[in-house]
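For reference, the chain that follows is the form predicted on its own, supplied as structure tokens.
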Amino acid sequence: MSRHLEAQEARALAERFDPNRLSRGFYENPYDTYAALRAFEPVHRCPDGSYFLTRFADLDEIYRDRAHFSSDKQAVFGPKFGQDSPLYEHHTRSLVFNDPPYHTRVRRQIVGALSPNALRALQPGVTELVDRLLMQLQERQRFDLIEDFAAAIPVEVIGNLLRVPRADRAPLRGWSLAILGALETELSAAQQARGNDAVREFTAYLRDLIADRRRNPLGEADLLTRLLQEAELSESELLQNCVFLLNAGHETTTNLIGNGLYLLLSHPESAERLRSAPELIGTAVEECLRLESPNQLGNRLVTARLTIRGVTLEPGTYLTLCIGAANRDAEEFPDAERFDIARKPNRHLAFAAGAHACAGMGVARLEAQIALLRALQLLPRLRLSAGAARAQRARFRGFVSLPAEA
């Protein structure tokens, strides 16, 4: 095939792209489509009038610009979920979809509870948990790296931060998947119903937990106690931000660990290099975040008229920021498609940027660094088996199943 024809096909792919109509093949590998969009339609107008942006420089600027963009999504979530629905109440009150001063007030308490000292205090417990899970995998020899490992780590860590009793944690993953799944670009009636049920069940549980914590505060190290005492939140705001913390800390970190294991085991030379040079674990995790970003899409609402790459955007225009595409932009990352565990610099946008950079990024990095390195060290014969299955989701990229053996 000639390069001219290849270019024509890529241009056509970019021009007809509709994030509300995605194929099964896209979920398996969205990166060819993202490359075509970066090359030919970096500010792509979608059939619904929104825009889909894919270049690193544009996303980095937008994330840091609070004069022209808003994170508020009430105008979008109202028609999508219905303004009286539990999903609408949750997603319009959670930290990620709000602007200052509310966003600043809530984020300050979360960041304060996840200080460097707090992260250092978490490390021994996370290491103990990871080692225990890995010993169980070694005994079984054949297992699923998502269900039996990656998904088991963050639910324990976030559960510990909020002091959720261990006996109560079983439903957390199912609630999280249902609530975050409702953020996908395509949403069926059944998915919406599951999401609404999950919010109802989750908040009903949390009401009892919060009432107990009001009666029996646990001190500054407990994130829920801090929010109760310092954040000045209404009951609904407190409930929905606790749901947000448990969901966000669970889903994206599960995907980070799962994607990281897949990348390392699919590149055995990189896995061996990391075993030989464990000091590379920090840059290795950053490269996993860049190449297979757990959170692939973000959004902003235009609040003041501006022009990006010759395209004029009016107030009220809705933008989808494609993190997964920006993190493979060759203008920012030389040899961008290559997995390089020692890559420096690596200014990826997996955690967004600016005022809305992920408040829990330190915890996610800590969990991933311990989980990936200990997996390679304690299971030297760890390898993937047939049957890996990716979740059919565009916003959150990860696996539902990742069979392996040791």
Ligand code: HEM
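Keep in mind that this is a model prediction, so the values were computed, not measured. Note that residue numbering follows the sequence shown and begins at 1.
What follows is about the form predicted together with this ligand, which we do not show.
Contact check at 4.5 Å (heavy atoms) against this ligand in the model of the complex: all three of Ala248, Pro294 and Ala357 pass. Within this chain, Arg194 is remote from the site of this ligand in the model of the complex, having no heavy atom within 4.5 Å. For the chain shown alone, Gln240 is not a contact residue for this ligand in the model of the complex, no non-hydrogen atom being within 4.5 angstroms. Using a 4.5 angstroms limit between non-hydrogen atoms, Ala350 touches this ligand in the model of the complex. Taking non-hydrogen atoms only, Phe244 approaches this ligand to within 4.5 angstroms in the model of the complex. Of the candidate stretches 273 to 281, 83 to 91, 230 to 238, 101 to 109, only 101 to 109 contains residues with a heavy atom within 4.5 Å of this ligand in the model of the complex. Scanning Val96, Leu265, Leu172, Ile210 against this ligand in the model of the complex with a 4.5 Å heavy atom cut-off leaves one residue, Val96. Checked against this ligand in the model of the complex, the candidates Leu145, Ala325, Ala182, Leu289 yield a single residue with a heavy atom inside 4.5 Å, and that residue is Leu289. Interface residues of 248 to 286, taken as those with a heavy atom within 4.5 Å of this ligand in the model of the complex (partner not displayed): Ala248, Gly249, Thr252, Thr253, Leu256, in sequence order.
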